[in-house]
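A single chain comes next, written as structure tokens; it is the form predicted alone.
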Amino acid sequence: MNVWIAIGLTAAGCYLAKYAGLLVPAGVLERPLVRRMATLLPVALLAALTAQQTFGDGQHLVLDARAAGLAAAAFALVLRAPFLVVVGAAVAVTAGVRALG
């Protein structure tokens, strides 16, 4: 029961945060610094999340099959492959490395 209360409170908090964003005046959103932050912040957050999920294991840094999959995805991105090919390359390389070792 406590989990559902936490989920409900989290959902309400997310909704309120989103609603608060709608109340920001348009003049504030048009400032160059705010526009630049809105452009770069999601990229930085996604990169940090990817690094944490790839190289983190609890309180330790690890270098395992996930790193090989990430390298394969990066290589596919350099080649300007479509998104599904990037994901497929990462999955295939990660599975292959795990199967080998």
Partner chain sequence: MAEQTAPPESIGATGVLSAGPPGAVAPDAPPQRPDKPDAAVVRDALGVGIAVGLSGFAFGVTAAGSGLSLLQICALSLLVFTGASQFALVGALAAGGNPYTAAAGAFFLGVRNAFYGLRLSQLLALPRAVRPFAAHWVIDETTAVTVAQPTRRAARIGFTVTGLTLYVLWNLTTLVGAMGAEALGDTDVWGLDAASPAVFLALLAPMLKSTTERVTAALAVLLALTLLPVLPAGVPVLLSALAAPVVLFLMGRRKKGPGAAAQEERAIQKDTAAQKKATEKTATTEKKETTEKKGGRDS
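Residue numbers count along the first chain shown, from 1. Only a predicted model underlies this, so the values are computations on that prediction, with no experimental measurement involved.
Note that the form predicted together with its partner chain isn't included here; everything after this is about it.
Residue contact check for Leu100: none of its heavy atoms lie within 4.5 Å of its partner chain in the model of the complex. In the model of the complex, Leu63 stays away from its partner chain, with no heavy atom inside 4.5 Å.
When contacts are judged by a 4.5 Å heavy atom cut-off, Leu79 does not count as touching its partner chain in the model of the complex. Residues His60, Leu61, Arg66, Leu70, Ala73, Ala74, Leu77, Phe83, Leu84, Val86, Val87, Ala90, Val91, Thr94, Ala95, Arg98 are the members of 60 to 99 with a non-hydrogen atom no more than 4.5 angstroms from its partner chain in the model of the complex.
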